[in-house]
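Coming up is one lone chain in structure tokens, specifically the form predicted on its own.
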């Protein structure tokens, strides 16, 4: 029986409606700001409703236009995709509030809010699509909007970063599109559920490794896996913090989502090969990402390299391919989105107070702005995996899964990377927060704690909100761990997905 659940498409309708109204009020940036805030707020509520519905009623499916799968366009929400829609709503709402005082009037005038909404439209569609070609289309919607956000403002560093980002994204899209063509030629299917069946029945399994390589390369670039990550630290530090924080929190995670979806539902024909490659890539990504972070002396560049490093943990959970490992990957994914985004937001607040991102010119933040320092400690120590913060639980689950799978080397790498992460976070703390500010830079201090909150209260409150969410999943991890375990069970049992999507 096909369940026609219009609620599945509600998050998409909320975003596209907000985009249309923003375009109608193109000349009125204040009205656009209000429309965008309402839209992402409703998107967040729709995400909550979708997750509750999936949790209570099982996988939700919408066959657009009542064309039954595999012939029509299918939207599917299982627990994993519903979790991702919800966390993307949390992030979009937080970033929109932060942007009130971070994005300049000129950037707002040139369409920051409608482009933000259309990018989120692409992100949401990527999570909900049940078709590999439509996944490519949603990716392109998201990427084109992100190109615009990166160059919005037209500064030289932004344009330099955008060139690298655009070139690598085009290469990535080429890999994905080629993989789709080969996969369709082998199986004659594009619907993910039908593909899962077709691949299991394919007489020549060796041929399937060819499209698997193309999808690994395409999504690996989007996820910033080693050695395909050089574009990320070159481009993410260049736009304003609202844009950089949104991209740091979400865009690479969409690539990770696609890897998890494809290598649990579709490419499971030769797990010994495909997931061994993923395991090697995860270890190299962790290690070289954190080495890059340790070598930097700029707040945002350190955080950008850590995006790369932390992606390795998520892919490690996929590569181990056990229920516990996948649950750890999902938990770690949510933790990282919250902690990493908040660190970007905090770097923007520090820039507002002291005028720099360069650590050698910073100092005295702890003395002058203790609240900002507390927010940094919560997110930074969580990222490093200090107990009992959320990063510890994510790394603990992944390490336990690694020991159970007898993959001792990758566990050792993950623990080493955790120590190096703590080192680079400590470097930021010592130079920017604990050390006194250089005498020559003291004239740049524009605020005290009270005036900072009064003039930048949306920025500070946005950071507090993410810190509180991080603390909640740190001190009450059972809720998210339990949800992640249920999502992992669905992922490792493709027949649940197939039976929900395809007509009996």
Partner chain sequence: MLLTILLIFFASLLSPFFYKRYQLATASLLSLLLLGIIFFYATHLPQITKGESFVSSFSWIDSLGIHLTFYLDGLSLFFVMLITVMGLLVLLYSFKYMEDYPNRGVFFCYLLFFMGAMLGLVLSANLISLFVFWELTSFSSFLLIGFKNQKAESRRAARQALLVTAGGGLALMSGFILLEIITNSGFDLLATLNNAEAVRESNLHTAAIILIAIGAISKSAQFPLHFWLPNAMAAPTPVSAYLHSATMVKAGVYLIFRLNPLFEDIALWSYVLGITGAITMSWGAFKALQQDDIKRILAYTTISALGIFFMMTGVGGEKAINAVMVYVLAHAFYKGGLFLLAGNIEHQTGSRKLSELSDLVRKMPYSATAVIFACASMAGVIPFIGFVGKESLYEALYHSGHQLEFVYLAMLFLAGAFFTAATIKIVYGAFLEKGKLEGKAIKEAGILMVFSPLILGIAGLFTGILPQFTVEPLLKWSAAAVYQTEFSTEFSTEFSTDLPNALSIEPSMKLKLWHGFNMVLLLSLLTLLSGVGLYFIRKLIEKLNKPYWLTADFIYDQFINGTSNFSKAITNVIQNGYLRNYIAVFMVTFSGMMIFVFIDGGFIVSADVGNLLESAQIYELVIIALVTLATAFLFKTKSRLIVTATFGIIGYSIALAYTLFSAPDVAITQFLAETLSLILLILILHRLPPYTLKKNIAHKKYLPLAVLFGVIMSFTTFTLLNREVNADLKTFFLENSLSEGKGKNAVNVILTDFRALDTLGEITVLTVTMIGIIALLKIKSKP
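Numbering follows the first chain given and starts at 1. The structure displayed is predicted, hence computed values, not measured ones.
One more form of this protein exists, namely the form predicted together with the partner chain; it is left out here, but the text below deals with it.
Checking 429, 321, 357, 93 against the partner chain in the predicted complex, a heavy atom within 4.5 Å turns up for just one residue: 429. Contact with the partner chain in the predicted complex, defined as a heavy atom within 4.5 Å, holds for exactly one of 377, 79, 410, 87, namely 377. In the predicted complex, the partner chain stays beyond 4.5 Å of every heavy atom belonging to residue 38. Contact annotation for residue 244: none of its heavy atoms lies within 4.5 Å of the partner chain in the predicted complex. Remark: residue 185 counts among the residues lining the partner chain in the predicted complex, judged by a heavy atom distance of 4.5 Å or less. Although the partner is absent here, residue 492 lies well away from the partner chain in the predicted complex, with no heavy atom inside 4.5 Å. Listed stretches are 244-252, 349-357, 333-341, 177-185; the contact stretch with the partner chain in the predicted complex is 177-185, by a heavy atom cutoff of 4.5 Å. If you take 183-210 and check each residue for a heavy atom within 4.5 Å of the partner chain in the predicted complex, you get 184, 185, 186, 187, 188, 189, 190, 204, 206, 207, 209, 210, in sequence order.
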